[in-house]
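Shown here is one chain on its own, the form predicted alone, set out as structure tokens.
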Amino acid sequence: MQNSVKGMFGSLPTLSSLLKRDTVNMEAKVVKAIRERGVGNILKALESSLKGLGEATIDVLSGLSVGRHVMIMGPVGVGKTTLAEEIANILALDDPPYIEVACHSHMTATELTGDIDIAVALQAGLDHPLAYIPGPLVLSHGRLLIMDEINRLNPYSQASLLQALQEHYVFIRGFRIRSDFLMIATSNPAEYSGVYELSEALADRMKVVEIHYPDRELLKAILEWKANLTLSHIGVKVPSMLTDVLTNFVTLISQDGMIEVSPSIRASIYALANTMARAWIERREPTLGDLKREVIANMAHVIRGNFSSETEKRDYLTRKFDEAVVISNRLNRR
């Protein structure tokens, strides 16, 4: 038992070792990784898990290669976090290749920096492995830091992050710990609930890469590909007609000026997958009625717009779905 506890503690860095850290040239590490892997191979690897994000990938890599932090902006479900994680995994600047933080409005500064446990420090000394448990800003030294939904950080936590970005040091109760990292942040649009405006100083330190809703043909390809991937263990495939209707439905809503928050691609994929799974369980063929039910169930709580009630929102979704069916029928007759 003592050996296992000792081994666990041995994996934790001591405060004295953290205070002796050397400077890491992060942009040089990124450029070395890009040269070794090749841009073409990086894009090809990403295409196997993400479609249509080649330009965004080049934008992210170009920012990182000159030592600039990057913020990927876009609506829910378009692949922002997956893109950040895949790029970090492919570059593999360290082991592990990245540290990820799921930001939220109640996150404190010490959750990002870590803190000294005074009781442990007084009893066992500052260099005891449990006297200081480093936070993600310290653990990210020499690697990428992914800040998922960064605009959910409150102003106090933003200030802590900003200090680490601009000074390359994290300050813990008078101790100064070196931390060189590059950050890939993701951000939802300002109209989403529970988000804060980023401070000008923090926003100025990041290159913005925007991901938009894909066009109709790319959207259809993504929905079909991801839904069938989700269903691969069941052994069923989505009929083309269902994908056509759902693609037209999502396109209609995303182009509607009265909608503030459109259905996410993620919700659309699961609407298709759930439709097929239910039909498979009941041993029958899926119908447009099945898809309509799943669309309303998956999206009524997601979309936001000028609706006076939930009933009005569901009626709107029903109308748009029926319009999408008409459009699909018309296109298929050509």
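Predicted model only: the values in this text are computed from it and were never measured. In this text, residue numbers run from 1 along the sequence as written.
Another form exists, predicted in complex with a small molecule; not displayed. Remarks below refer to it.
Although the partner is absent here, N188 sits close enough that one of its heavy atoms falls within 4.5 Å of the small molecule in the predicted bound form. Contact between K226 and the small molecule in the predicted bound form is found at the 4.5 Å heavy atom cutoff.
At a distance threshold of 4.5 angstroms between non-hydrogen atoms, E86 is out of contact with the small molecule in the predicted bound form.
Within 4.5 Å of any heavy atom of the small molecule in the predicted bound form lies no heavy atom of I234.
Comment: 49 to 57 is the region of 49 to 57, 282 to 290, 31 to 39, 62 to 70 lying near the small molecule in the predicted bound form, near meaning a non-hydrogen atom within 4.5 Å. Interface residue among S105, Q163, S240, T82, judged by heavy atoms within 4.5 Å of the small molecule in the predicted bound form: T82. Of the residues V78, L153, V250, M147, just one reaches the small molecule in the predicted bound form with a heavy atom at 4.5 Å or closer; this is V78.
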